[in-house]
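First, one chain by itself: the form predicted on its own, in structure tokens.
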């Protein structure tokens, strides 16, 4: 009787998993169906396209190493038994970075979470540490992180470096790759005899924003700066174009801010917890402002026809019970809308800063209530960088492509948030040097397979 090839393959896979578990005995593992499903998801559901594409993906086993030695054991065993391995932090990514497309092992790093050392100007931390815990720890020494995501309460340090590109602080220090925050990374290779490498300088970019496809980040050395008790502010304006002009003026004036997030008044129903402070009667700039520049900031608000709807010290803000301003920015804005109305999705783009107000006005007229405006101000090479994370009513994939093509015609650089490969997303170049490094640290091509087009 002929053997069913699929049955042979399934039996071989089961045997490989059993042998893998034997080799990593003592490392915490999860195998229950609900855990395998949960640890195979991130926030890809922001995109209806990715929701449909990735909804059936799951791991065969989840491992949670608590030490570097356990990470090395897991890596070696996965290589020996030819099991695909997908690295996971807090699962806050939006593009399916942490989703195992071909099953295998999900390596959950959240138990490798020790803050190793804090010194003047730097912190050394294990990859699975939550960013909020790191920020709280360094603040006790009078220092702070240079940049962090709006999801800092549940995002890990390693996940942010592997999947992020900007965040809170990018308006002050520049986007992640140029901010100077990444001093060095230590990574484990996926080989039968794994190596541990230390990357510094330009080599860090081989791993940064590569979605865990080319090395297991186990430890990071991050730069710190003196802490500031940032004021939590909402500035309100008669029109969204006024908000955009105000943002450019803040950067031009050199006012020290840690966040400038422009939010269309039509988002107000999704910000109900702010009450009268953002009630839909005006468009808003959510900001974190250095107290030393409070008067200059307030004066500039007035010059641009606005008013301050809120400006609180951290202590007063905590007592108010309001959400932190950083949770009103970046993709938290999208999340707020989706929690109320799942008909929304989002688009990501970089808008030409020299004509941003006028271009946004044209786009608002073109799309009407199909698109809600939201833009983040940052710096790139010392110059303004304006990123649009707009909400879009989802019709179908054809309409998504049509709108993105129109935005490109406008001169915007669109990063496609509805694909789950590095190259198609427009966020990471996988050139010859990156692919050479990938092959050296993952010679069997087992790490997060399916996310690099040229290796499929």
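Residue numbers count along the first chain shown, from 1. The structure displayed is predicted, hence computed values, not measured ones.
A second form of this protein, the form predicted together with a small molecule, is not displayed here; the remarks below concern that form.
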* Based on heavy atom distances of at most 4.5 Å to the small molecule in the predicted complex, which listed stretch, 293-301, 161-169, 138-146, 272-280, is the contact stretch? -> 161-169
* Asked: Is residue 211 close enough to the small molecule in the predicted complex to count, meaning some heavy atom within 4.5 Å?
  -> yes
* Using heavy atoms and a 4.5 Å limit, would one call residue 78 a contact residue for the small molecule in the predicted complex? -> no
* Is residue 359 one of the residues lying within 4.5 Å of the small molecule in the predicted complex, judged by heavy atom distances? -> no
* May I ask you to check whether residue 215 falls inside a 4.5 Å heavy atom distance of the small molecule in the predicted complex? => yes
* **Listed residue (98, 105, 386, 243) with a non-hydrogen atom within 4.5 angstroms of the small molecule in the predicted complex** => 98
* Structure fact -> Exactly one of 91, 194, 306, 309 comes within 4.5 Å of the small molecule in the predicted complex through a heavy atom, and that residue is 91
